[in-house]
Each structure stands twice: as C-alpha cells, then as structure tokens.
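Only one chain is included here, represented as structure tokens and corresponding to the form predicted alone.
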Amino acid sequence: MAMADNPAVIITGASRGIGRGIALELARSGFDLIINYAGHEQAARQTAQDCVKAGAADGRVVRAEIVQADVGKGSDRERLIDAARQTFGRLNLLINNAGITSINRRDVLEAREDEFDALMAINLKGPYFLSQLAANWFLEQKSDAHSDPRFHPRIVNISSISGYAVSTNRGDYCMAKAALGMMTKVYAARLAEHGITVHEICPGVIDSDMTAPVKEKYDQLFADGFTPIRRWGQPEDVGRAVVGIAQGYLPYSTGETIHVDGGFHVRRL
C-alpha cells in the first residue's frame, strides 16, 4: 500500500440518505470511495460527483466510483469487494449502511415469511458476510511486507434506535438492527488482535427518504420534546460520527455503540 494513496472506503447503500451523508463527510476527509447502490443509479452518480466536489472544496483530490450490488446476494458482495480491488487496490474502511424498512409494515401477527427473509438478507446477512470478505482482505493487506504502518482498518455498522425501541409493525426490522449490535461485538472480539476495530453507530430519527412519509408526525414529536435535542437528525450528523472513527479518534475502543439520536436513548422521568 503506497503511503501517498488516499484511504479507501466501501459504503453500502450510499446513493441517498444516511449513506450519502457518510460519503460526503468521508470525501471531505480525503477518502477514495466506492459508492454502492442497489437500484438508484442516477442518485449514486450524483452522490459520486458531489463527493469529488466536496473533497475538492477542502483542497483534496478524491475518487468516487459507483458499483451496483445487492448486498443480500453472495455473488454481488464478492463483486463489490472485487470492484474495490480493481479500482483502488486497497481497502481501509467498510461501512455497512445498506438496509430496507419492513416490507408493507405488517403487524407482527400478520408478518409473512418471504418478506422477513428478504429483509434479513439485506439488513443482516449482507453486512455479516460482507464484513467477512472485508476482514479477510484487511488481514491480507496487513500481512503484505510493504504494508503502510499507518494502516488501521475499521468496520462501521449503521444500526438504528429500532434495535431497542419496539415497533410492532416492523418486527423484522427491529430484530435485524438489534442483531447488528451483536454482530459488531462478535467481529470486534475476533479482529482486535489484528488491530482492526469495529463500531456500531445507532442513528435516531434522521431526515431521509425512509422517514419522509412520517415527517409531520415527527415534526410535532420533536416540538413536544421527543428528544432532548429538539430537531431532526441529518445524514451529515451520522457522517461526522463515522469520520471520527475513520480518523482514529477512538483508538482504545472497539465493539462500541455510538448513539447519534439527539439523546433519544437517555431515559427521562
């Protein structure tokens, strides 16, 4: 790994919303980016262009390439990793962000198995096995005789307050996000001896396409004190938390959950 190279990152589900916010913040920090998308190609292209501009605005020359892949499919996960190998020849950071909400948001007593399986494939199986691919590549890079001594690879999993706050019409989503927390700890314990840290970022209610249908509801909730910080979360709020991890500001921390939720997780009387 040449010392002059920018660090490289794969961000899944990066065409819009939180993934886009993460991409822009990492571009400003000098990362070369693989912008993964499943179906919104034009949005992914726009994000890539905006990342290059964001880096340039901060005096950095960054590359941003788009790669279509459904993280729920094994062959697509391998292709995503291969794209990073072919494009940058290196990987410093994996952001497991891609996810879907509950299909049709059925009550738990009416949930369908096919919809459950479809969600779990993207929201849980995908991150689990993509992390495996990335971790093995990290180990390969660290064993390289010419490895940069500054190479400190990391994995960041984007979960949700739904990992502990129940929604009875999104049971599968809540379960998948809760499982991401345990997955973070499993990988953190396994990879720590190799100098690879793993973190979970737990966003609250973030202003994005996913939350657009409930905007009026949460506008009122925020006004009424739903969270101690009375505003919507923004994608860049999550992005800046990722940058803190990516830049090595938490060197003695792994398996940790970082809440980016306006204080929602704080119990109050």
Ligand code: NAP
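Since the model is a prediction, treat every value here as computed from it, not as a measurement. We number the residues from 1 along the sequence you see.
There is also a form predicted together with the ligand; it is not shown, and the following applies to it.
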Can you pick the stretch from 192 to 200, 90 to 98, 148 to 156, 104 to 112 whose heavy atoms fall within 4.5 Å of the ligand in the predicted complex? 90 to 98
Since exactly one of Ala69, Ala54, Ala241, Val62 fits, which has a heavy atom within 4.5 Å of the ligand in the predicted complex? Ala69
Picking from Glu236, Asp209, Asp50, Asp219, the single residue whose non-hydrogen atoms come within 4.5 angstroms of the ligand in the predicted complex is Asp209
With the partner left out here, check for me: in the predicted complex, does some heavy atom of Thr184 sit within 4.5 Å of the ligand? no
If we define contact as a non-hydrogen atom of the residue within 4.5 angstroms of the partner, is His40 a contact of the ligand in the predicted complex? yes
Within a 4.5 Å heavy atom cut-off, is Gly255 in contact with the ligand in the predicted complex? no
Is Ile18 one of the residues lying within 4.5 Å of the ligand in the predicted complex, judged by heavy atom distances? yes
Quick one: name the residues from 108 to 130 with any non-hydrogen atom within 4.5 angstroms of the ligand in the predicted complex. Ile122
